[in-house]
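A single chain, nothing else alongside it, follows as C-alpha cells in the form predicted on its own.
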Amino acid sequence: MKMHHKLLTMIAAAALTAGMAAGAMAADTIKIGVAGAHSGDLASYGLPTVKAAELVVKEINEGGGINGAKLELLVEDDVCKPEVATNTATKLVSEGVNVVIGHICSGATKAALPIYRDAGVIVMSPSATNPELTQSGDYPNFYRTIASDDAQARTEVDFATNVLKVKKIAVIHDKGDYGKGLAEFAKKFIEQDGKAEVVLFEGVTPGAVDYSAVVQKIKRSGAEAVIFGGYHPEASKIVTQMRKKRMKTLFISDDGVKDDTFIKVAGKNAEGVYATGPADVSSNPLTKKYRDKHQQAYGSEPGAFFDNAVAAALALTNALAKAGSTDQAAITAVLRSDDVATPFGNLHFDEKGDAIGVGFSMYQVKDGQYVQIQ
C-alpha cells in the first residue's frame, strides 16, 4: 500500500507539473489566432485586423517576445459566416491556440465562441458589437474593444431625432445577428423616446441583386430618414436605388457601413450618408505610431477597425505578459484590473468583457470620404 500511495503521489505531482507547464510560458511559442473575414465581400473589415496583429506581434518579437516566448500568428478566414466560423474555431483550438483576436462579424463570433469557451481560450473582437455576446453571461471568455449595438443604436436615434429633427423613420435591417439586433434597439429607442414614429420596420435578404421592393416601401411610408442595420454591400445597393428614384430620404447606418468600400461601390450616391463608428483617435500618439507602421509595411492607409484591432492586440499581449501565463483565469484577472495604453487611451474591461470608456461617434460622407461630425 505504501508503494502504491507513493506511486500515486508521484503521478499526481507529474500531472500538476504538466498542467502548470501548459499554462506557463517558459520558452515555448505563444500562439495567437486571428479569425475573421479575409476574403469575400466583407474582407475589408477583416484584413485590417490581420495587419494590426502582424505589426504588434512583429514589434514584440523583435523586442525578445513575451517573458522569453516568441509569438506566432495563426490566421484563419471565416468569411463572416457562422457555419464557417465554427470550423475556423475548431481548427484554431486543435492547433493549440492560446488566445484569439476576432472574430469580426457578430454572427460568426457567436457561432465560434462556445468552442473557444469549452477549450478555455480568451477571445477579443475589435468589431463584434451584438450586445448579447457580453450581456448574456454565456461567454466569460469573450472581450471586445468596441462598444455594443445598444450604444450604437442610441447614437443613431439621438442624432436622427435631436440633430436632424426627423419625425418619420424607416428602420431596415439585413436579418442577421448584427443588423437585426441593432435595428431592434433603434426601433425600441424611437418608440420609447416618442420624438419620432417608426413608419416601416423591414428585413432584407443579404446578397440580393435588387432591393427595389423595400425601396418602394420606404418611399410609400413617407419616411424622412432610414436607419439601416447591416453591412456595406446591401447598404450601397439600397442607397443607390433610392437615389435613382430621386428619393432625398436621409440614410443613417452603422459601423458595418462606415467603410471606404461603401463609398467606392456607391460612388456619388454615398454623398451625405451618415454612419456611426469608433471615435476618431488620430491625435493619439499610439494611433499615429501604428498607422505609420502600416503605411511603411503595406504602402497603404489602414482600413476599418484597424485601431480597435491594435487595441485588442495590445490588450491581449499585455495580459499575457503581466499574467506570466496563458491560463484563462490569469489573463482574465489582468484584463479586468490592469490599464493598457491603446489608440483609445488606457483601457481595461468590465466583468462582462466590454471595454470601459469606448463609444461611438457620428460620421458623414463628404467629398468622397467619411468625416466625423459628432
Partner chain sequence: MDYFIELFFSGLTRGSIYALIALGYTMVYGIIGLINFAHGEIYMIGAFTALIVSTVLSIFGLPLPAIIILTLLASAIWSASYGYTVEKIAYQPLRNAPRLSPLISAIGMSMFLQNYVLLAQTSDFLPFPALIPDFAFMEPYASTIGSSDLVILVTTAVVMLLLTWLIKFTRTGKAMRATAQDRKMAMLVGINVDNVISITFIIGSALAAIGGLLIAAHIGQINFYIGFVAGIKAFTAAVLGGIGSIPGAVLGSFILGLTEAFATGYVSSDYEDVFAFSLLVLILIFRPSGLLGKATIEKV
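Residue numbers count along the first chain shown, from 1. The term rigid core refers to the maximal set of C-alpha atoms that superpose within 1.5 Å between the two forms. Fair warning: this is a prediction, and the values are worked out from it, not measured in the lab.
One more form of this protein exists, namely the form predicted in complex with its partner chain; it is left out here, but the text below deals with it.
This chain lacks the partner; the member of Ala225, Val214, Val281, Ala147 within 4.5 angstroms of its partner chain in the predicted bound form by a non-hydrogen atom is Val214. Taking Pro131, Gly277, Pro233, Gly303 one by one, only a single residue has any non-hydrogen atom within 4.5 Å of its partner chain in the predicted bound form, and it is Pro233.
Residue heavy atoms within 4.5 Å of its partner chain in the predicted bound form occur in exactly one stretch of 148 to 156, 242 to 250, 67 to 75, 292 to 300, and that stretch is 242 to 250. Although the partner is absent here, Thr205 lies within 4.5 Å of its partner chain in the predicted bound form, judged by heavy atoms.
A residue is said to contact a partner when one of its heavy atoms sits within 4.5 Å of a partner heavy atom; Glu191 fails this definition for its partner chain in the predicted bound form, lying far away. Using a 4.5 Å cutoff between non-hydrogen atoms, Lys187 does not count as a contact of its partner chain in the predicted bound form. Its partner chain in the predicted bound form comes within 4.5 Å of a heavy atom belonging to Lys219.
Contacts to its partner chain in the predicted bound form (heavy atom within 4.5 Å) from stretch 259 to 278: Thr261, Lys264, Val265. A movement of the C-alpha atom of Phe201 reaching 2 angstroms or beyond is seen between the shown form and the other one when the two forms are aligned on their rigid core. Residue displacement note: Val99 has its CA displaced by under 2 Å between the shown form and the other one (rigid core superposed).
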